[in-house]
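Next up: a single chain in structure tokens, the form predicted alone.
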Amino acid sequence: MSTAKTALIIGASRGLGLGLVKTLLADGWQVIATVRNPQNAEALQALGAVRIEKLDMDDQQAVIALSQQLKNEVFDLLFVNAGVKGPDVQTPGGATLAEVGQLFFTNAVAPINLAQRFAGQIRPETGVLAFMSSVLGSVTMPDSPELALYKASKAALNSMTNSFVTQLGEQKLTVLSLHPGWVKTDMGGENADIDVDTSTRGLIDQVNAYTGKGGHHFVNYRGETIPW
């Protein structure tokens, strides 16, 4: 199994993160997965062949500690999945400063901070860095005004990702901003279009399809390009 690819999945205790781990394991990958609370990761632990690490992505010291813990690893895929929906009321006058700050930090700033820390460990030429974005992050596609703050945080993630990519210099990375579809998860709800398995199968198919291509791409789980 020495030829197996290695993935680091950030935020894998449930939902899409857990689904990504299952899909990668089924494809023969070696997987390291992070969770905020390992005590609440029974579903992940039940998969068996996963190395589980504790991480709160918002905690800079925890990010540094994880990078030290994993400093000898080389990743074929780093998938930053962690994110939050934000406050129940998403009108500009309906959320507090603390709620807005937390939402934007978790969804846009923390993912890039983590990516900067691990970018040097992504395999040259063929490595893929993926962020769980959303079609709602597209500023050219008006939709779901009731999620105005969440939408803005995903647009901010896309913008921060663009800035990050321009600063990579000589490092040739393939960077994907991925829309998973409307998925039946805690965030997506029971009325969503597709199940987790369908979404994560498609997402990993895109990782495989874009391997080695370089550049920054905003696509959905079916490989369709989304306008910025």
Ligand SMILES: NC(=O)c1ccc[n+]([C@@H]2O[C@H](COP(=O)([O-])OP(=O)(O)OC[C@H]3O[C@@H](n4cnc5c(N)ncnc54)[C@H](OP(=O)(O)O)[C@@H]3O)[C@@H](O)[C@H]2O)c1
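Keep in mind that what you see is a predicted model, and the values were worked out from it rather than measured. Sequential numbering from 1, following the sequence displayed.
From this point on, the text means the form predicted in complex with the named molecule, which you will not see here.
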property: Contact test in the model of the complex: Gly181 vs the named molecule, heavy atoms, 4.5 Å; result: yes
property: In the model of the complex, Leu78 touching the named molecule (heavy atom, 4.5 Å); result: no
property: Proximity of Asp56 to the named molecule in the model of the complex, heavy atoms at 4.5 Å; result: yes
property: In the model of the complex, Met141 touching the named molecule (heavy atom, 4.5 Å); result: no
property: Candidate from Leu147, Val84, Ala156, Val100 lying within 4.5 Å of the named molecule in the model of the complex - any heavy atom; result: Val84
property: Ala12, Thr106 and Ser134 each touching the named molecule in the model of the complex (heavy atom, 4.5 Å); result: yes
property: Answer range among 22-30, 56-64, 42-50, 158-166 for contact with the named molecule, defined in the model of the complex as heavy atoms within 4.5 Å; result: 56-64
